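Coming up is one lone chain in structure tokens, specifically the form predicted alone.
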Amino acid sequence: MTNRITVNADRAKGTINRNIYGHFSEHLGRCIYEGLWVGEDSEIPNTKGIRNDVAAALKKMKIPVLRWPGGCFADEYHWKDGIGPKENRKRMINTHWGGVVENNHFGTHEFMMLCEMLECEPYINGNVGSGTVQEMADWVEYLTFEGVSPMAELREANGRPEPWKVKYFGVGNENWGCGGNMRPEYYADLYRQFQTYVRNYGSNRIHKIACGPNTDDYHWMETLMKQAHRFMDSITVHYYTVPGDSWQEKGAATGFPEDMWRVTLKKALFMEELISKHSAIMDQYDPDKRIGLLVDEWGTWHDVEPGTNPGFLYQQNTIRDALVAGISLNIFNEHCDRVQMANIAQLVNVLQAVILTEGEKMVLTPTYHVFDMYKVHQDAQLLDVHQSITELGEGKQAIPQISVSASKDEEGRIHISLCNLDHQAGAKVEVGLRGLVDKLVSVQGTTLTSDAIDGHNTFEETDKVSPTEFTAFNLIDQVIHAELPPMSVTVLALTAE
């Protein structure tokens, strides 16, 4: 059966916030240390301690926003331990992740320097779980105050006279779990208290972010919106795609049985229901959609690679993960009226990473390539799409064969992202364009696919799964007739004159 899609080029539904393509970096495993930070004295080429190869890859991908320092680590992180001369910084045990020593060499100044190098917005997560109101207030002052104050003077003494611009600030993380095991009623009151002292200094305006629910905890969302919506600019939700039946048996990243392909994608598609239901609750208290929904932790979570530290959460990344990324990003695009940011977990060497490193070696994962291909959607206008899509399977286990999203950029180019969820067969697709003022004259395509359901890149074969030109289409009477490869992510670029 042919899948039929109509893109209404004259019906824009909203702007796709570039921050939907955001990322997350935590002091966990080898994400910060080795992945991003190697230190100024490392033999690995670096700029002021930041790996040059990783920074260049992230810039190419147009990373828009980076969340730090956690994650669970955020609610045991005391920022003053990570400033000043590195030899004087406190050492600590990272009790959440692997029990390793954290030397605090990567702190506030290093993170802000990284964001400047990447030309991305910093998103800082404050400590509610084990911190104080004073500590959080001091951090904001240290970061953003220009003038005479104890924190501004401390910042200048540490080599930074001028303040930074910080827009996004999270007041706690997962306070329903590792951030304090709190009830929503209790956290709502704490949020109201802490956010009072997250102040705007000078021209800096902070976007205050409340800790939202874990997955489908709709009671948490209802309570926070009811008790604190007037004091927040956004609220978060976290959801991980865990293929297995439990957190103890999540399933392997590679070498998994064939039936786990569809199971995994079905769980990824649950994101649509989550966002819809949480948005409906938010609509009751915020009908004008002033408050953003931030999916600031998402992605696949597999069993760790054999022989690695279980607390480091290091996993391989396959074409299956790429499909999860493509599906999820299409869903976020479609909900751009409410979803204003998403941050895949995590940036390097942890969970669904876009980059893996081993010593001086670096490899781009299939997920990286999806983000690189999809960057054309950043800040573009979401276009209305009508679709008639074949289903794979039956009943409650059925999934659509195709996931799609379309946008128009400021130059008028239309981009259509298409995921073929079928790992066994190609997908015939007809894409009709209506509402075009000018005639469609050019179609170009890029696709990412593999010959194996667990196809992935290694340090020995870095380009085994990488984008190629997509040519399996014809343009006939303003209709694109295409056949998508099995288990593929494809982006079409359309130009009219």
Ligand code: AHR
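Computed from a predicted model, the values in this text were never measured in an experiment. Just count from 1 along the sequence shown to find any residue number.
The form predicted in complex with alpha-L-arabinofuranose exists for this protein as well; it is not shown, and the discussion that follows is about that form.
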query: Accessibility of shown form to alpha-L-arabinofuranose in the predicted complex, site-C-alpha superposition, 2.4 Å backbone/C-beta rule; finding: open
query: Location of alpha-L-arabinofuranose contact in the predicted complex, chosen stretch of 25-33, 38-46, 426-434, 450-458 [non-hydrogen atom, 4.5 Å]; finding: 25-33
query: Exercise: H238 in contact with alpha-L-arabinofuranose in the predicted complex, heavy atom 4.5 Å; finding: yes
query: Distance check, C72 to alpha-L-arabinofuranose in the predicted complex, heavy atom within 4.5 Å; finding: yes
query: Touches alpha-L-arabinofuranose in the predicted complex: W97 (any heavy atom, 4.5 Å); finding: yes
query: Touches alpha-L-arabinofuranose in the predicted complex: Q346 (any heavy atom, 4.5 Å); finding: yes
query: In the predicted complex, the one of W301, F371, W164, W261 near alpha-L-arabinofuranose [non-hydrogen atom within 4.5 angstroms]; finding: W301
query: Proximity to alpha-L-arabinofuranose in the predicted complex, single hit among L351, A210, A322, L265 (heavy atom within 4.5 Å); finding: L351
